[in-house]
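First, one chain by itself: the form predicted alone, in structure tokens.
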């Protein structure tokens, strides 16, 4: 495999469509069923749907259009907006597609629109615009020079890219480091995009781990030029449902609903019934994340300290990243020393080429198994020093 990071560049169709090479690499490793999985980007949590639904799961699929509450209204109530500002989708990845379709305007002379996309990033965030007749340019977030705290932006570099762009796509709680924006960087992005007439599409599948704190600031609150994308997948541990949503101004939301119906038709009624059942209880998952952080993170901190590895711990979420000793290649580490110890983690090269010596680890599993996993990760780290 030549590279695993996302592809930037010109729009693609047909045989020119880029693979999602991260998944080409990752899915076979998942299938190996290594005992100690630190690669999850979301909470591992088992929901008791039969209790929540007060019925057997086998009954959920029998009624195509049952009489159940409106999902858009349920989401709107949780996020303090009107239902006209909500469009539901089959997960966050589709929501990114739909959001871009809903806000990008045709360029004169059939020129491709340019979308600035934050890097590092999960490949579908970067490569979605390429399928929709857009070209992309990266805008970087860099590790802090002092080694601790939020990853930062270079405003002059961003301004040069934004002046060429129609849309900016970002992931505030950045994958793989887990850090949200430094406050002045965030405000500069919001103000600059507004001044330039740029729409911001914010992939917010991780930020609900901050919900209930003063730091919780979804982008849809920042003006009509901002779109929030979220789902039940990461923070709420419900990836199999493929249930996501867009929060935007009512004109963009109307466009999004039209695009969704055109591409997907109706949302499956079993998905809606399951999502509606879990929504009143979503804070249980956020409390579980807090619990895992309190129990699991000290174990990780202590191990990294023993190995003299610098650790820039994000204040929220379920994952973080660190640089391997001696700039060791993280893919070789995961496929070598980690595999030998039945550990799976995520190489930083999944997100950007400059992160080839970084490793992402998650603390989203139950504490006893996590403690065992960290001991085996330590054995792998010792073997490369």
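Positions refer to the first chain, counted from 1. Remember, predicted model here, so these are calculated numbers, not experimental data.
What follows is about the form predicted together with a small molecule, which we do not show.
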query	finding
Single option in 93, 165, 255, 296 placed near the small molecule in the model of the complex, where near means a heavy atom within 4.5 Å	93
Answer option from 341, 357, 41, 37, heavy atom within 4.5 Å of the small molecule in the model of the complex	41
4.5 Å heavy atom contact, residue 233 and the small molecule in the model of the complex	yes
Contact test in the model of the complex: residue 271 vs the small molecule, heavy atoms, 4.5 Å	no
Contact test in the model of the complex: residue 205 vs the small molecule, heavy atoms, 4.5 Å	yes
In the model of the complex, residue 260 touching the small molecule (heavy atom, 4.5 Å)	no
Stretch in contact in the model of the complex with the small molecule, which is absent here, among 284-292, 84-92, 135-143, 71-79 (heavy atoms within 4.5 Å)	84-92
